[in-house]
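So this first bit is one chain, no partners, the form predicted on its own, shown in structure tokens.
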């Protein structure tokens, strides 16, 4: 089986996606993009508790990288078109995860995305975001609807953790674009020093 790097939030979807990958025998390294100060401490606390439950269930260590992402959000908000901020944000997340995958000897990236659930998960936006990386991306929940994901979360015990109170990311624009053009996204990204930002984020990442 393969070793993969999973982008993990404190929400309902990502622990369910990890559950399916672990059930198939894959080794997983978790990456949590720390959006503070645009959120509170609750997403990280939820991720830690999710992983504690999954480690016990599958008898696997599941390392957790905590990657600072708040300063990236600040730069994107100041320098780029706010409407495509979610797509740009995802591109930086994916590239940080890919750097960690190289460090960890992982051969794929993974996410809890399900098609069309939120603005960043439309087909064109996912394409624009994932064009930033080279490793294959696995989406175990891509065809699930929210009710199906919630049912699995309840069955494996992660739902009650995911739904604890917390502050959602405050960097999300009021009207995020649901369709994006890769040429437009690349043009916006040229407004910032992407390589320097990613180098800095990965350098400051810590393993919990």
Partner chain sequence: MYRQLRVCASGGGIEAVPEERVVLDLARIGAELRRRGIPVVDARVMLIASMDPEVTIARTGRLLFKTARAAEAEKAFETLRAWVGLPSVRPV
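Quantities reported herein were computed from a predicted structural model and do not represent experimental measurements. Numbering follows the first chain given and starts at 1.
Below, we turn to the form predicted in complex with its partner chain, even though it does not appear here.
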Subject >> Proximity to its partner chain in the model of the complex (heavy atom, within 4.5 Å), stretch among 164-172, 57-65, 179-187, 25-33 >> reply: 164-172
Original post:
Do residue 78 and its partner chain come within 4.5 Å of each other in the model of the complex, heavy atoms counted?
Top reply: yes
Subject >> 4.5 angstroms heavy atom contact with its partner chain in the model of the complex for residue 38 >> reply: yes
**OP:** May I ask you to state whether residue 95 is within 4.5 Å of its partner chain in the model of the complex, using heavy atom distances?
**Re:** no
Original post:
Counting only non-hydrogen atoms and a 4.5 angstroms cut-off, does residue 82 reach its partner chain in the model of the complex?
Top reply: yes
